[in-house]
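Next up is one chain by itself, shown in structure tokens, the form predicted alone.
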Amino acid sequence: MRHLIIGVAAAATVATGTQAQDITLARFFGDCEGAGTDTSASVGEACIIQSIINAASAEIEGVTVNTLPTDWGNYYDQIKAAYAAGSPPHVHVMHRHRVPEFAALGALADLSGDLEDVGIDPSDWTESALEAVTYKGRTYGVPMDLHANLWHINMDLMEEAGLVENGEPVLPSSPEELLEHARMVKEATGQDYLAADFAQFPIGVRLVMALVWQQGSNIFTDDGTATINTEEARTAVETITQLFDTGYANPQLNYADSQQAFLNGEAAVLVNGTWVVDLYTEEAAKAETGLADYRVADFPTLFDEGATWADSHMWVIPSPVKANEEEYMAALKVLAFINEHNIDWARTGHMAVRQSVLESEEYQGLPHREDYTGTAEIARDTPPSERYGAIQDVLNRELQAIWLTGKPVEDALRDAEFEVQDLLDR
């Protein structure tokens, strides 16, 4: 999936005169050594965020921002180890779903009332963005985006299969239509209908959860009761496995392979996030790419109500940093710089979190933005939980056991519910 960049151990040098305040910054999103400082020219998550960080280091007087590389899959393990060792980075990225875990331990600095001092206006944030960085009424971060799963579409394959009307892709509105559309694509083109990372990262989990939400259910309740071994969950899983059983999708593809299959023209639809819209737009413009006519769509509603998995990226400051005023103010200035460049980050395909950016002509003119205007309305996630990461790991393991090893659906959902309930009870 995505690699990450993390700095965890450098101590800040207290600024005196023109001496720079050294700030370590931890992030994922991938590696990009040649990002430069032009925040409007870079492409893809890795280069866009690194260009913003580079520009912050170059433009914020008295502040130097340092980053160091490691792997995406170890990000939160590395962050937790850094906290445990007493040397967390001064600033680091975090997902919305991780806030309860870190804030409940007192690990994050309470930013309430301090953001305005560096020019950040929380009233400009969307309601969902403000909610994302709030825990028990206090503000623990600066939001950067709303990101969600979309359907990325090869219009040439859809056209060949007769699934384009008036220039728009025809998407399924039921599990039965999903299977029928998949059959049409396979018979007309010989290619798979749908590709996704079912064998590595939890893209498949997010897909199944979306179909559970569309049936008005969830994987656990607000009061901490696991609800995984349910009719809704079985229906959601079987909606996906029917594609594997009929040969219309390949469950053995990992993140890189599923993406490459789509770019090679070997799948009509790729389920992936907002973060690749600008990358696929650029790839589709290349003559050698098997994806020529690229389109994006909101996740289709196959059941009773629209829903797609969504999360948010934000920037936080560890609570120990607040003990040093110079470090803390420098870290806040970095957050303010990133917040100011929300339009640049939105070029990835992520949805902006500032109302002023959302309403701007520049944002509305970004490629494919009109294709998924309904995603913000159907964005969903589980109730907040300090155990979210572990719960997601359990679901990923059990779902992969279904489609990779043939474990019976009922057994997998039963085992997942038992483990998740144990996690929720801790």
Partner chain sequence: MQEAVQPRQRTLDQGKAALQEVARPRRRSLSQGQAALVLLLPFLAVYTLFLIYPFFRGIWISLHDWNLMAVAMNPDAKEFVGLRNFERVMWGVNIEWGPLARPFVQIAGLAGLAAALYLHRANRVSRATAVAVAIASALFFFLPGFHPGEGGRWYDRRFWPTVGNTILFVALVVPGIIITALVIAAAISRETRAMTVLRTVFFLSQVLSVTVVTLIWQIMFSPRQGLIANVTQVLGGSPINWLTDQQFAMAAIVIATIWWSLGIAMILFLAGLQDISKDLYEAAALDRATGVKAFWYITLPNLKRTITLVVVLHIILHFPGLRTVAPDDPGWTERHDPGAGPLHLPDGVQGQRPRPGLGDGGLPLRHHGGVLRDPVRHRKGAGLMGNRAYAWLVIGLSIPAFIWLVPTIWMVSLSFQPNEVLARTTSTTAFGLIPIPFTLDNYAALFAFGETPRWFLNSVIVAGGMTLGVLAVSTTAGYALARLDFPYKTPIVILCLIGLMVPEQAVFIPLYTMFADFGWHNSYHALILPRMDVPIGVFLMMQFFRGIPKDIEEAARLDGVGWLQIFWHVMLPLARPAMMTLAILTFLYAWNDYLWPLVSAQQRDYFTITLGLASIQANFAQAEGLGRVMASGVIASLPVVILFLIFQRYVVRAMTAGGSKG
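Bear in mind that the values here come from a model prediction, so they are computed numbers and not experimental data. Numbering follows the first chain given and starts at 1.
Below, we turn to the form predicted together with its partner chain, even though it does not appear here.
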Check all three, Thr126, Lys136 and Glu326, heavy atom within 4.5 Å of its partner chain in the predicted bound form = no
Pick from 340-348, 298-306, 216-224, 315-323: which stretch has non-hydrogen atoms within 4.5 Å of its partner chain in the predicted bound form?
-> 315-323
Using a 4.5 Å heavy atom cut-off, state whether Lys80 contacts its partner chain in the predicted bound form.
-> yes
Should Phe102 be counted as a contact of its partner chain in the predicted bound form, where contact means heavy atoms within 4.5 Å?
-> yes
Quick one: is Ala199 in contact with its partner chain in the predicted bound form, heavy atoms, 4.5 Å cut-off?
-> yes
Does its partner chain get within 4.5 angstroms of any non-hydrogen atom of Ser57 in the predicted bound form?
-> no
With its partner chain left out of view, choose which of Leu358, Ala390, Ala41, Leu366 has a non-hydrogen atom within 4.5 angstroms of it in the predicted bound form.
-> Ala390
Exactly one of Thr281, Thr246, Gln260, Thr230 has a non-hydrogen atom within 4.5 Å of its partner chain in the predicted bound form; which residue is it?
-> Gln260
Along 401-416, which positions have a non-hydrogen atom within 4.5 Å of its partner chain in the predicted bound form?
-> Ala401, Leu404, Thr405, Lys407, Arg414, Asp415
